[in-house]
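Taking the form predicted alone, here's one chain by itself in structure tokens.
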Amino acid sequence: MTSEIFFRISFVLLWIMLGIVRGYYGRKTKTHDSLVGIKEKLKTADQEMGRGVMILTAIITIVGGAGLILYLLSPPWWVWTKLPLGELVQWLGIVMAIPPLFYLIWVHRHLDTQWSIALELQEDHKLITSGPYSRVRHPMYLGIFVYTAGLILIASDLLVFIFFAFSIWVNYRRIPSEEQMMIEQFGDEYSEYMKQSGRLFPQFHRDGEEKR
């Protein structure tokens, strides 16, 4: 087995593992019960992102998805998108991608049925401030971002980089809207929680100012 085949297999296995984690906890949420629920999520995403970003997302998804398939199949004529980062960087990607899978299980266990792929609140939604949420407001985004960065390094491919880097950007720009939704729902309780936690990393104080 060549090193490139090994890294492609590692890429696929890590991707499948994330799918298993997300699929298991997704089945526990009421909003994943039917095709109607998925359609509602897409409608909500359209409202959240705006039509222009949705169109750009569709284009990059198609192009990046095609590039991802070509990366995995690796036909002899498809070599121009390969980034010469070296095997050490690809090994670093594996090291980066594995821990977030266990971290995301921890996050999902605390969030439980309140997780949703759209910006919405579940019935009887509660503010979770325990476990991974005790110091960080968005630990799930953190886990996904680190995991995705690991996949980018494993692939070391230009189109894979564009595809996944764009997904990180799309998810990151959701955070302010999510925080505003939580403020509207929980008011001062969430505002106080924001003062005691960091957005993606535990906050640090220096001269009375928050570092996030």
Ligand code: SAH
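Counting begins at 1, following the sequence as shown. No experiment lies behind these values; they were computed from the predicted model shown.
Missing here is the form predicted in complex with the named molecule; even so, the following discussion is about that form.
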| item | value |
| --- | --- |
| Interface membership of residue 121, the named molecule in the model of the complex, 4.5 Å heavy atom rule | yes |
| Distance check, residue 135 to the named molecule in the model of the complex, heavy atom within 4.5 Å | no |
| Contact flag, residue 72 vs the named molecule in the model of the complex, heavy atom cut 4.5 Å | no |
| Residue 88 within 4.5 Å of the named molecule in the model of the complex, heavy atoms | no |
| Selected contact from 92, 101, 83, 140, since only one has a non-hydrogen atom within 4.5 angstroms of the named molecule in the model of the complex | 140 |
| Candidate from 181, 63, 158, 168 lying within 4.5 Å of the named molecule in the model of the complex - any heavy atom | 181 |
